[in-house]
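Encoded as structure tokens, the following chain is the form predicted on its own, with no partner shown.
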């Protein structure tokens, strides 16, 4: 019996792999392979780990070397290309390899028992119809769409494209035409092809999945996102890993799926911050997609009406090929007219100005739909007492408790703390406590009193908590069962409302004066996206011209002028010039060290020690400061920003610096985020 040493990556905060003994008969048929899962003892537990190396030597003493218990042999090992992607992510984001490879797998695959795996494999291995990539019901493209689709499908090697198209310009059709060409060019047996299409949010998958299945009725499609039941996610992941699924649609976690025949990556709404993971491995799925496309030498499409400044900068410098769709795809469908309503002159009642109310009534009379956008859920952001000044602060966070009137609750959106709405002020006993500000619930209530015959529907995180409720709500809008839709950012992008001719935007001004340097970029993208829900089909005879009404107290702000002109090019170029002058991304590279502790002084003390731990020429270490939201769930938080104009120099510094941080004794918990998007 020959003995082998398995190098196994485990989901543990230790920056090395673990050696285990494997005893088996000689021969490749019984020897474990790199990329297979192994069950190993770890402390007092048995856990699943990934085999990342096999050898015959180890520096672990023989009396401490443990035996691997089992190996999952039921499915082919994950490819070396997939492991290389995980290694890159681990190195770039400075996390242990095991904290990348294991969480990237479905939970049912990481378990000690193989019952779920065996059941899923048996289901997948049932006889099925042969793969046929011939598309059905293919609409004709306009010249700009056709040129874009041809450029993507005809690209060879690593070819990143920015598909820059106004809302409603038919970017999805370009995706599907390019995918059809690539699928048809691939041979089923010798050279199969897989297409990865990514969207930023779960609620955008049903409509796009329906379009894909209708276009490719004989192609297996798999979805991957966190909203799936674990059994369903395992089945879809295995379909992708085994090559059965030719089109994979998903959110950011789909980027780390095993796709052995990947030939094209498409990232829709590439500007969306949801592509950045905000816990655990804080990776950018968009940035890793660029690396994966380069690794595999395949085309990449980044689609957006409002590209991120990083992507726009790459396109302007020639690193990415820019493909423009300047007009809406539907003939006679034009971009909506954008008008500003000065709230200093037209005072709102129940949050709605008389101008906007008249526009809503006009659409009701004509049987057309309207959308009111307010990116603030709940009834009101705060409950207050005029007598003594009490406000509904969260006792565990530096945040207000939001009033949720239908639930009779005050709720903190950060830590989840809930209280019943008090009948009187807890401080002075005043019974006349009032809500301040407006959320979607209050707008819905006020609009119902102003337009009692209108059929209203509110779509936000509160109204769509149950599985499937969001899709059911959007279906009712598409059926025409809704006159006025009230929603948050959930309704702002990706949805094709055929009868919607009016968008009203409430209270966007707060983002104009944010300390976040990305706030104006995000606000512009958000407003352009939600404005794009209007007028996506040709105007009906006698119908209303599509328009967007923005209620604001600052109508002279240059951001609104750019939105009125639908001029992202000018706005983005001006922002880039400001970023260059200020030394901000994409002209500098950043890492953020966060620390949290029961007392703010402990977190700040650690950060001051960290700032002095390693110094290096060219590295800018900013002063430690409390985070904007300093306290969350009784934990105080602070941060330290590190910057460098060279990405390689910053990465080299971080490798040394993080090793030094691990030697600092502290009661604070800390983490490092590379390329932070929220500072």
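Positions refer to the first chain, counted from 1. Quick caveat, the model's predicted, so the values are computed rather than measured.
Separately, the form predicted in complex with the DNA exists; it is not shown, and the next lines address it.
Q: With the DNA left out here, work out from 63 to 71, 615 to 623, 48 to 56, 635 to 643 which stretch has heavy atoms within 4.5 Å of it in the model of the complex.
A: Contact criterion met by 63 to 71 only.
Q: Quick one: is residue 662 in contact with the DNA in the model of the complex, heavy atoms, 4.5 Å cut-off?
A: No, no contact at 4.5 Å.
Q: So in the model of the complex, does any heavy atom of residue 41 sit within 4.5 Å of the DNA?
A: The answer is yes: residue 41 has a heavy atom within 4.5 Å of the DNA.
Q: Is residue 22 one of the residues lying within 4.5 Å of the DNA in the model of the complex, judged by heavy atom distances?
A: The answer is no: residue 22 has no heavy atom within 4.5 Å of the DNA.
Q: State yes or no: in the model of the complex, is some non-hydrogen atom of residue 18 no more than 4.5 angstroms from a non-hydrogen atom of the DNA?
A: Result yes; residue 18 sits at the interface with the DNA in the model of the complex.
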